[in-house]
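Shown below, as structure tokens, is a lone chain in the form predicted on its own; questions about how it binds or moves come after it.
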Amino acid sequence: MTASFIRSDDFAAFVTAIIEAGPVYGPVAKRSRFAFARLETPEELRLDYDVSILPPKKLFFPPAQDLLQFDEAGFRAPLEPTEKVLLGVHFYDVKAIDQTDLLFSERNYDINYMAHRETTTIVAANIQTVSSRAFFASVGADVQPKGHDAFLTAIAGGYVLETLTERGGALLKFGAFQPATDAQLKEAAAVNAAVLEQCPEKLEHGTEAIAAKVRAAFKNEAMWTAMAADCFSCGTCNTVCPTCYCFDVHDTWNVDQTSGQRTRYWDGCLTEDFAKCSLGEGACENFREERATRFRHRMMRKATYLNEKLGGPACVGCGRCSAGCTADIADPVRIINQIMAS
């Protein structure tokens, strides 16, 4: 690992150089919000963003992704991954990418995800603006992000770039970097430590205690029914979540009736159709027909079911679900703290 420094005046030239070398994706302004998109100029890059609308996992696992195309001649996979740089990812989203890396690579290796993931250099960046619903400091605190190739921290006069892999180190040739001093490294560490004190929301208990209490609350049907009373089953909390990975697969035929494509789409356990199973002849069975059971399932998945596999909760505290919920009932902090107090 190396630690380098680049002056603020030289940073735009660095970003320009990596843009000219290949596709670069980073946070850009989208009206009053932010989204990860391909950069055309360094001026578009907004490292002062609070949280993106959708998580950066969309680069590896798009909301709609063709798995294969078919016609009379047969079928083919339209998979064409390209080398790219993902710049400006906050550490909680890196932790989420770590989780999806594991889930898409174990057992049935998902080439459609991994091919895009393995051709991406991830440069994480410090959090300069904290989201109004963030709680990343108090969830899964023992789990450290590891899936990034470099970490960029804004300090006085410039940026410290800590490279963690060869891919990260390869970026140094694009900018006027010099070795970081001990003082610059201490300032970067202080900046990243200070942001943990700025989260507006906080879980009051640790991971193990939460997992045990949430699981024990499974049969408290009255509580889950009350919590889910205002749920629209819209699935927004699933859609914006960086750790959700469920999908549905559809085959679509073109008008010639000989060609088409198989596409997978993001799916979510809060939607009514998610748990519907066909019984044939137009009949179906829904094993989570009630909103309360779907609401409960989401929290079980985030707080307890996957903890052993992932080494921590399947939630990274980004606050997207809380901010995106029209009924304002999806906030894991409120739900978990209520369960812990019961």
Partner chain sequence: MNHQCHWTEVENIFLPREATIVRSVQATPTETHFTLKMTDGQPIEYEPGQIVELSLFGYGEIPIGIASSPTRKNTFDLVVRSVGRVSGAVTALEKGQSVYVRGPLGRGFDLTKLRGQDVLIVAGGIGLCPTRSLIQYILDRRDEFKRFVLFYGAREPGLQLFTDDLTMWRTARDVEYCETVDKGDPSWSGNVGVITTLFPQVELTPETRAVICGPPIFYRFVIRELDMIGIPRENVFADLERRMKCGVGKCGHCQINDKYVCVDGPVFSFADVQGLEEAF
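This structure is a prediction, so every number in the text was calculated from the model and none was measured. Residue numbers count along the first chain shown, from 1. Rigid core here is just the name for the largest C-alpha set that superposes within 1.5 Å across the two forms.
There is also a form predicted together with the partner chain; it is not shown, and the following applies to it.
Legend entry - F104, F177, F151, W224 - the one with a heavy atom within 4.5 Å of the partner chain in the model of the complex: None of the other options qualify; the answer is F104.
Practice problem: Identify which of A77, V195, A170, A141 has a heavy atom within 4.5 Å of the partner chain in the model of the complex; exactly one of them does. | Solution: So the residue touching the partner chain in the model of the complex, by this definition, is A77.
Q | Among 44 to 52, 26 to 34, 311 to 319, 280 to 288, the region lying within 4.5 Å of the partner chain in the model of the complex by heavy atom distance | A | Heavy-atom contact with the partner occurs in 280 to 288.
Next item on the list: May I ask you to state whether R215 is within 4.5 Å of the partner chain in the model of the complex, using heavy atom distances?
Entry: Looking in the model of the complex, residue contacts with the partner chain include R215, since a heavy atom lies within 4.5 Å.
Worksheet entry | Contact test in the model of the complex: V191 vs the partner chain, heavy atoms, 4.5 Å | No, V191 sits far enough from the partner chain in the model of the complex that none of its heavy atoms falls within 4.5 Å.
- Query: Looking at the partner-bound form in the model of the complex, is R133 within 4.5 Å of the partner chain by any heavy atom?
  - Reply: R133: no contact with the partner chain in the model of the complex.
Taking the partner chain as it sits in the model of the complex, is G206 in contact with it (heavy atom to heavy atom, 4.5 Å or less)? Close contact is absent here: in the model of the complex, G206 is far from the partner chain, nothing within 4.5 Å, heavy atoms only.
* Heavy atom within 4.5 Å of the partner chain in the model of the complex - qualifying residues of 245 to 270 -> Residues within 4.5 Å: Y245, C246, F247, D248, V249, D251, W253, R262, R264, D267.
Discussion item. Is the shift of A64 between the shown form and the other one large enough to count as movement, that is, does its C-alpha move by 2 Å or more after the core is superposed?
Written reply: Where the cores coincide, A64 shows only a C-alpha shift between the shown form and the other one that is less than 2 Å.
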